[in-house]
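Given next, in structure tokens, is a single chain: the form predicted on its own.
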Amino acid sequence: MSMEISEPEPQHPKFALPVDSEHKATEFPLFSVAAPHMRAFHLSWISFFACFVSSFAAPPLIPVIRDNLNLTATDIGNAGIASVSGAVFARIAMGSACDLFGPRLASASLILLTAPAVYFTSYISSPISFLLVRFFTGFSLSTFVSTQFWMSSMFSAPVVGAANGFAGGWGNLGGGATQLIMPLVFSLIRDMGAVKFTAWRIAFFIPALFQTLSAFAVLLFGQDTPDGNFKRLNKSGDRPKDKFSQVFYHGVTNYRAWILALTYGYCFGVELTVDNIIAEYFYDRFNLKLHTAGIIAASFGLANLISRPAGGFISDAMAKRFGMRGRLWTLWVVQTLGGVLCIILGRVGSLNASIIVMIAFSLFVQAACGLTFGVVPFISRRSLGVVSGMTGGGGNVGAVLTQLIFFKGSRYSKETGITLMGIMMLCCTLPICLIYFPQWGGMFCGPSSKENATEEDYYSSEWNSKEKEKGFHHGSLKFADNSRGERGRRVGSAATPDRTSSMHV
């Protein structure tokens, strides 16, 4: 039975925020807790924040842990690599799980599965056990994919960059917050009478408990989409159950996803690397106290409070004026400047200059992360989870390779490693210029003049004729309509379908 999109259906749920034809919110009131859109936002960033705190709880206590476990520089380097390597394939798997089962169940399940590794950190007694708990705890960082998938499912094109930026950025704050939290908890426990080799072990129960509680909150209060959870929608027929093979195929065969995976490896991958090394770097190079080094290191991660969200906002703002081409140009410029600042950070020799350059570097590299996920939602509608997982996994691959090459053992000093890492950023950012959308263009080329180069053609091409006959592509057509704003200023002269469905329904 055919329906007019412009007419509100009486069976549709009412939303506190204005929505588009897919019931995605067209506004992003940051401090609202309106269900289901803003509730999903707050649950996603808090649970991701908890996972970041757990994954990077060890680095600020490394000076104590290494004395207790007799860790060498190589042991510490290997553990740092292990902490981010586990999530490489886990992020791709998480993307597929989100596409098939929904972000709520996928994220909560992974958080609960990895929480025991955080508890077990209190009982480790050797370098190999230290490496193993960091490896398994690091799997929880894959919740980043469910966070970005969830936001892309809840928020419309004009605000999806901001939603992704805030959810990812505030979640990444955990990497900075743990630099403050763990030394503080350690000091409190030690002041209560515990010896230092016991105090650091007890301290790990705090992030473990926080992570566990966040998973239950997602399960109890979260919702996969504006219209409900995947399981109910699949049963009712409101959401056709997709085939894994097709979802995976359309994700991995889209070259744009591979380019973003590479470039994200040298913005988020660099951020993960710095989270692992920065406290020890300041502690050793400038002979600082553990607490002081932790505070300085925390400032790097805490910049996510504004930097990554700013990247998302800038991406949306540039898209309104210049379309997708504006998003791509801004991503390239910001990430390139981040690479330049990374090189400078490795060259400066004074404490004050290092702190100033590090803060500036953090703002640009984290903004680049937000800008990346201003582009990701438009790569594929059908395989959004796979593309998000590939991009997120690329971040972890970049972190693993960077730490293996530049920060494992004593081949390079940390300052030299930081400089070389900046050069890698510059090189790996260049492929952004190869991303091209027929309907919107790329950095150096405008949109195609062919008649079939429209948003509808691009997103419906992910469905075959049999699937289209069954109407499986209708969601993609709605998304295509709602993404016309990516034309930028051209949208004003384009024939745009009636959007009167963007209302409170």
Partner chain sequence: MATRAFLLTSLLLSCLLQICSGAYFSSLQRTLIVTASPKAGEVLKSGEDKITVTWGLNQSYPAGTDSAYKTVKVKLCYAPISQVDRAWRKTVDHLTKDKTCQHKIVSQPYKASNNSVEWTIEKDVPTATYFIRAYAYDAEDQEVAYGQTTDAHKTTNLFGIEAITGRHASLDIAAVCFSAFSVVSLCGFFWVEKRKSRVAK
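As the structure is a prediction and not an experimental result, all values here were calculated from the model. Numbering follows the first chain given and starts at 1.
Beyond the structure shown, there is the form predicted together with the partner chain, which is absent from this document and is the topic of what follows.
In the model of the complex, the partner chain sits beyond 4.5 Å of every heavy atom of Val375. Contact between Pro116 and the partner chain in the model of the complex is found at the 4.5 Å heavy atom cutoff. The partner chain is not shown here, but in the model of the complex it comes within 4.5 Å of a heavy atom of Ala73. A residue is said to contact a partner when one of its heavy atoms sits within 4.5 Å of a partner heavy atom; Arg382 fails this definition for the partner chain in the model of the complex, lying far away.
Comment: the partner chain is not present in this chain, but in the model of the complex one of Ser122, Asn234, Ser413, Thr253 has a heavy atom within 4.5 Å of it, namely Ser122. For the residues Leu105, Ile296, Met424, Leu337, the 4.5 Å heavy atom test against the partner chain in the model of the complex is passed only by Leu105. For the partner chain in the model of the complex, the listed stretch (416-424, 309-317, 214-222, 143-151) containing residues with heavy atoms inside 4.5 Å is 214-222. For the marked spot (Phe197, Phe205 and Tyr283), a heavy atom within 4.5 Å of the partner chain in the model of the complex is present in each of the three residues.
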